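To begin, one chain is listed below as structure tokens, in the form predicted on its own.
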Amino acid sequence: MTEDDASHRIIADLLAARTGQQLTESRRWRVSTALSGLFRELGIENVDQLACLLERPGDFQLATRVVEALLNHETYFFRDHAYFDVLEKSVIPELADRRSEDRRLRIWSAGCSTGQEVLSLAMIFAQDTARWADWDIQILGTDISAKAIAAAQRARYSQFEIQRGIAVTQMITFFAEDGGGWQATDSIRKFARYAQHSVLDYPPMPSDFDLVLCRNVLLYFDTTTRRMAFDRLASAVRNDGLLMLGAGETVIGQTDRFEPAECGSGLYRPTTLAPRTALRVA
């Protein structure tokens, strides 16, 4: 094993320990790119030098910054638009029928990154205010990245970010231009809450969510870790609730806690549930 290989292993072990994500050979190419800003700030040139710094005892802050830099925050509004069409036209109306007596919906966006998925869901409700006027609707966004959650809570997006996936009418209806950026208005922010959280931890509200979105998160886990994540997700969903995964993800052959649902691609229903301890959400 070369010094470079050993250094990458130190970084890979750090990422796995903090997040459960695997830094596979297919992802190794992006390490130097993702860490380039940190290299410049620290006055170093490569992963070998970074590994030496990480080996110093007690430098927890540097380790946290390395992990933050390696996390994939790729997201945009209404990502994979066909999935949101299914949610808007089929899934949410069906859930509303089931909850017609208590008029309450709880949705969890696990791995929400900087908040675009949460606000995309919020727009579905906000664009039909009469339909949802007397409903109690909360959308919880969580992510393991403190940096991403802070950005989601600010709900302010650059010109580049606001143009990704969102229609002009939605942009001018639900966002206000603010000094070169776009600030989400209270019409959609009122639905959103955020907390830092790992999908491998016990769920925020056990057995309480009508719909959980966990898209493009499980791709980075090995088989054992992915099975643990499915156990956590299963204990969060109500018995008649639904889980939505990303296009490249499935429960088939991965877990016995979910099975495919009939209402659309990427949607799964729980087979068994186990209540868990909740975390506090600010």
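It should be emphasised that the depicted structure is a prediction, and the values quoted were computed from it without experimental measurement. Throughout, we count residues from 1 along the sequence that is shown.
Although not depicted, the form predicted in complex with a small molecule is the subject of the following passage.
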Please run the contact check for residue 153 against the small molecule in the predicted complex: heavy atoms, 4.5 angstroms, yes or no? no
Given that the partner is absent here, does residue 232 sit within 4.5 Å of the small molecule in the predicted complex, heavy atoms only? no
Do residue 198 and the small molecule share at least one heavy atom pair within 4.5 Å in the predicted complex? yes
Taking heavy atoms and a 4.5 Å cut-off, does residue 72 contact the small molecule in the predicted complex? yes
If contact means a heavy atom within 4.5 Å, which one of 132-140, 190-198, 163-171, 92-100 is the stretch that engages the small molecule in the predicted complex? 190-198
Please pick, from 126, 144, 211, 87, the one residue with any non-hydrogen atom lying within 4.5 angstroms of the small molecule in the predicted complex. 144
Identify, from the list 250, 49, 64, 216, the residue with a heavy atom within 4.5 Å of the small molecule in the predicted complex. 216
